[in-house]
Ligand SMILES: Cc1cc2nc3c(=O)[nH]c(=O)nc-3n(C[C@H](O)[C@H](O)[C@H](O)COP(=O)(O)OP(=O)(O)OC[C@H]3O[C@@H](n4cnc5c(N)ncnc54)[C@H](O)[C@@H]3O)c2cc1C
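Only one chain is given next, in C-alpha cells, and it is the form predicted alone.
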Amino acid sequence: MHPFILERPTSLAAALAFRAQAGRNDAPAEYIAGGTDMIQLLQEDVRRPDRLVSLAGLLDRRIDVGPQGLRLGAAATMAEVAAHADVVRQYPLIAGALLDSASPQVRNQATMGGNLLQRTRCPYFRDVGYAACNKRNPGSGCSAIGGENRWNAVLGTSEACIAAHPSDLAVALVALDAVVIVRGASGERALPLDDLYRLPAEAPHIETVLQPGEVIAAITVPAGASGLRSHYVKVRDRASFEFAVVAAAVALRMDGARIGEARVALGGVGTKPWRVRQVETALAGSPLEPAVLRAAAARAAEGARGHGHNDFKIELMQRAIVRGIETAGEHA
C-alpha cells in the first residue's frame, strides 16, 4: 500500500479546505467516508493518494420523506435507507436496488454518497498487473478493448475506455430524476444525478464533474417519483455480493391498462448509469403486451456497440427491460 497522510478535520469547512477530489486516480488528495471501496483499492495499490481526508461525522445522515419528496443525507448508510419504512413504501425502486447491492456487512458501512462515487469493477482497472488502463494511468491505453471484456460497457464507450459503471443505486436514482446537492467552499449547487457523471471520451480518468474541494452533501428525489409502480431487475453471475452483468430500473405510472408514463435506466451496460429516454417515449400510451414491450425495448440498442465477449449484453438488456416492465405492470 502506498503511504499516505490521514487527515481528520473536525468540520466540513476544514475538510473542504483540503481541496481533495473524488473519482480520479491522479488526485493527490482524496476524500474517504465509509471506505468500503476505497480501502480495497488502497490495498491493491490501484489508488495511491498522498493524503486522505476523512468525512466521518461531517456529513448529514438524515433520511427525510415529505410532501417535497425524498432527501437522503450523503452519510446515510445503504442499510439505513433500504430499511426506512417510508422509502420502502413510497420509493421501492431505491430500496430494491440497495438490497440487490453488495452484502449486509457492506451495506451497514457504505454511505449513499460513497456508493455513487465508487469506481468501476473493470478487472483491468483493478489489477495493476495490466499497465494499460486509461482510468488508472491516463494515456496508457485500454486493455479491455480487444481483451476479456464480458463485464464491460456497450453504451457510452469511447476508443479510450469501455469500463462499465458499477452502482445499482445510481441506476435507480437516475430513473427517478434524482438530484445531488454538491457542497464546496463557495457554497452549494444542485445538479441532476445524470449530469454528475462524465462520458469517458478521451479522458476516462475524470469520471465526474466534481471540482477539487467539492463533496456530495445530499441526494433528493422529487415527490412525483413517489408511488410509481417499479421493479429493479439485476442479472448477475451469483445471487448475492455480485455486480450487475445487466440491470434495468423501471418505474411506471399506469393509465388504466396502458402505460401513462415510463422511466427506464440501465446498469452494467453503460459507462455511466444509462437512461433510455427513447424507450420511455416508445412506451408511453402502450398496453402491456409482449410484442409491444419488446419493440419499445429494442430501442435501447440504439448506439450500442459490443466488443466481442460482451456482445450478448445488447440483447440481454432489452430482455431485462421487458421483464422489468412486466413485473412493475403486474403491481398496477
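Keep in mind it's a predicted model, so treat the numbers as computed, not measured. Residue numbers run from 1 along the displayed sequence.
Here the subject shifts to the form predicted in complex with this ligand, a form of this protein not shown in this document.
*Asks:* Looking at 111-119, 191-199, 81-89, 172-180, which one sits within 4.5 Å of this ligand in the model of the complex if you count heavy atoms only?
*Replies:* One stretch meets the cut-off, namely 111-119.
*Asks:* Only one of 94, 247, 250, 74 gets a heavy atom within 4.5 Å of this ligand in the model of the complex. Which one?
*Replies:* Selected option: 74.
*Asks:* Going by heavy atom distances of 4.5 angstroms or less, which of 282, 58, 32, 70 would be at the interface with this ligand in the model of the complex?
*Replies:* Of the candidates 282, 58, 32, 70, 32 is the one lying within 4.5 Å of this ligand in the model of the complex.
*Asks:* Heavy atoms within 4.5 Å of this ligand in the model of the complex: does residue 38 have any?
*Replies:* Because a heavy atom of residue 38 falls inside 4.5 Å of this ligand in the model of the complex, the answer is yes.
*Asks:* Closest heavy atom of residue 262 to this ligand in the model of the complex, within 4.5 Å or not?
*Replies:* Close contact is absent here: in the model of the complex, residue 262 is far from this ligand, nothing within 4.5 Å, heavy atoms only.
*Asks:* Would residue 216 count as touching this ligand in the model of the complex under a 4.5 Å heavy atom rule?
*Replies:* It does: once this ligand is placed as it appears in the model of the complex, residue 216 has a heavy atom within 4.5 Å of it.
*Asks:* Whether residue 106 contacts this ligand in the model of the complex should be assessed with a 4.5 Å heavy atom distance threshold; does it?
*Replies:* Taking the distances in the model of the complex, the answer for residue 106 is yes, it comes within 4.5 Å of this ligand.
*Asks:* Using a 4.5 Å cut-off on heavy atoms, what residues in 232-246 are near this ligand in the model of the complex?
*Replies:* The stretch touches the partner through 234, 241, 242, 243.
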